[in-house]
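Below you'll find only one chain, the form predicted alone, shown as C-alpha cells.
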C-alpha cells in the first residue's frame, strides 16, 4: 500500500467521524423542519407559501442524513480495501524476495507467474481505491450543495414569514436556527474536504 493510500485511508476514517457529527446535526435539522411545518399549519392560509419551504427543509435534512450514512459505509469500505491492498503488497514484496533468492532454482519462473498475477490484482485494487475516493468526494460535494440550498431556503422563508402576522417571530427564529445548524454541517463537510486535500 502506498503512503498516499495510507494517508487517504486515515483521512477517510476522520471524515467518517466528522460526518457522524454532521449526521447528528442533520437529525436536529429534520426535527426543526417538522416544527416549522407544524407552525405553518397553525398559521393556515397566511403561511401557505411556507408549506413548500418546510417540506424542502425536511427533504434536504433527510437526504443529508442518508448521505452521511452512505459516507460512513464508503469510509469503512476504503478502510477494508486498504487492508486487502496492504496484504497484497506484502505478498508481492515476499515473492520478489523469493525470486531473488531462487536465482538458480528450477522453478524460478513459477514465481514470476505469481508476481504477474499479484501485480494485476494490485492494479485492480488501485483502480477501485480511486473509485471509492471519488465517491467520497462526490458525496461530500452533494452535502455541501444541500446546505447551500437550505441557506437559501432559510432566507426565503424569513421573507415569506413577514406575511404570517403573529407567527412571524417564531418562523424567523426557526429559520435562524436552521441556518445555524446548516452552517455547523457545512463546517464538518468543509473540514472533511480539507482532510482529503489535493490527494488523488
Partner chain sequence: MQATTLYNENHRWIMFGRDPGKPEKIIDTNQFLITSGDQSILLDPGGIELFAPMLAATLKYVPIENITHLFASHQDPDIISSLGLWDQVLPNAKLHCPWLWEGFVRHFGMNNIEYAPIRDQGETIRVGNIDLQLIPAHYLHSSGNFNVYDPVAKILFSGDIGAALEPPEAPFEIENFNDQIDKMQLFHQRWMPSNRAKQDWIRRVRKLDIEMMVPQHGRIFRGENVGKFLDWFEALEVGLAVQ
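Note that the structure is a prediction, hence the values are computed from the model and not measured. Numbering follows the first chain given and starts at 1.
Same protein, other form: the form predicted in complex with its partner chain, not shown, and the subject of what follows.
Novice: Might residue 80 be said to contact its partner chain in the predicted complex, defining contact as any heavy atom within 4.5 Å?
Specialist: Residue 80: no contact with its partner chain in the predicted complex.
Novice: Could you tell me if residue 123 has a non-hydrogen atom within 4.5 Å of its partner chain in the predicted complex?
Specialist: Judged by the heavy-atom cut-off of 4.5 Å, residue 123 is well away from its partner chain in the predicted complex.
Novice: Is residue 75 a contact residue for its partner chain in the predicted complex, using a 4.5 Å heavy atom cut-off?
Specialist: No, residue 75 is distant from the partner.
Novice: Counting only non-hydrogen atoms and a 4.5 angstroms cut-off, does residue 119 reach its partner chain in the predicted complex?
Specialist: No, residue 119 sits far enough from its partner chain in the predicted complex that none of its heavy atoms falls within 4.5 Å.
Novice: Mind checking whether each of 31, 55 and 62 has a heavy atom within 4.5 Å of its partner chain in the predicted complex?
Specialist: No.
Novice: Taking only heavy atoms into account, state which residues of 92 to 110 are within 4.5 Å of its partner chain in the predicted complex, ordered by sequence.
Specialist: 94, 95, 97, 98, 101, 102, 104, 105, 106, 107, 110 sit within 4.5 Å of the partner.
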